[in-house]
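Coming up is one lone chain in structure tokens, specifically the form predicted on its own.
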């Protein structure tokens, strides 16, 4: 007899307008293999939070369908949602019956298991956060290399799934046109619909103190809006 998967939820966002097209219902799952130095949600690193069966989670999402309608849907985020790929796949069976589509907001850092491939193939779109531009910097700032990320992006592209790519811009790490050129060399291989830059912020700094975790970027200033606009405009001219 098959054991039902549980999904461990950190939080929900009922009007997530930035996590895909239309109004989204954001489900933030716990667990992440990365330790990004600029992470603003270190409270999602370990598997914890509220446990949901796939049916219970799908039923909760269904209650918000009047808000997101046919032009929106649910976005599974995290943490790293694809650590819960098996549970997402079971949840998706119920969502499909309710006429609800889902997107994945992921780092793509997980191995391409059958469950991961199924989750990707069933998604209406993928939002992939490309952290750094090569193995050396990826390892330095996240604790892993980017081999899985490149395999993931290749699979998404080959599958014909809609793809958006994002990168967080951190002052003193990747906030220059020269470094963005290195990202663009990689990203252009996968022909995303959109490449979006997000500005580093410090709103999650209090979580490090509350959790008793050292903050690698303590004292770092947030990215100013003028620099973000300039760098985004630069990328827009290149892709």
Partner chain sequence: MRSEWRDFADGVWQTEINVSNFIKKNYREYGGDSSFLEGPTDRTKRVNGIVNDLLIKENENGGVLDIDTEHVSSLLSYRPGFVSGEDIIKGLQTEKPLCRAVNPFAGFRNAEQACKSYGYEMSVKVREHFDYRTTHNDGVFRAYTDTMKKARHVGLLTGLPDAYGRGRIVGDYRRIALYGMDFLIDEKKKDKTALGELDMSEENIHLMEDVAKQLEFMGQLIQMAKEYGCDITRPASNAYEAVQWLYFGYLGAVKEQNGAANSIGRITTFLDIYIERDFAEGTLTETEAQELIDDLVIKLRLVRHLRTPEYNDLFAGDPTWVTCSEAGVTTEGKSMVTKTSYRMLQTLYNLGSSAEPNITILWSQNLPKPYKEFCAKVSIDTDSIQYENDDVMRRMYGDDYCIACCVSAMQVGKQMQFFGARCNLAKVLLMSLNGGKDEIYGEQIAPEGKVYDEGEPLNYNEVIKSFKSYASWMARLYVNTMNVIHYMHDKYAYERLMMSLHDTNVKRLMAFGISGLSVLTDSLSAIKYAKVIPIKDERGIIVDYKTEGNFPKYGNDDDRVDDIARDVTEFFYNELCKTPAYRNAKHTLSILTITSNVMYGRKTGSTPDGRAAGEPFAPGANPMHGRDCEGALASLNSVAKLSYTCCQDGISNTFSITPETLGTDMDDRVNKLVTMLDGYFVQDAHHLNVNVLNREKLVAAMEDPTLYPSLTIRVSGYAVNFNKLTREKQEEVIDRTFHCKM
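Since the model is a prediction, treat every value here as computed from it, not as a measurement. Positions refer to the first chain, counted from 1.
Missing here is the form predicted in complex with its partner chain; even so, the following discussion is about that form.
Comparing 167-175, 29-37, 198-206, 182-190 against its partner chain in the model of the complex, the single stretch with non-hydrogen atoms within 4.5 angstroms of it is 198-206. Contact check for residue 55: no non-hydrogen atom falls within 4.5 Å of its partner chain in the model of the complex. Among residues of the shown chain, residue 212 is not one whose heavy atoms approach its partner chain to within 4.5 Å in the model of the complex. The closest non-hydrogen atom of residue 225 lies beyond 4.5 Å of its partner chain in the model of the complex. Proximity of residue 217 to its partner chain in the model of the complex: non-hydrogen atoms within 4.5 Å are absent; the residue sits far from the partner. No residue of the trio 122, 129 and 162 has any heavy atom within 4.5 Å of its partner chain in the model of the complex. Annotation for 43-67: interface residues with its partner chain in the model of the complex are 60, 63, 64, 66, 67 [heavy atom within 4.5 Å].
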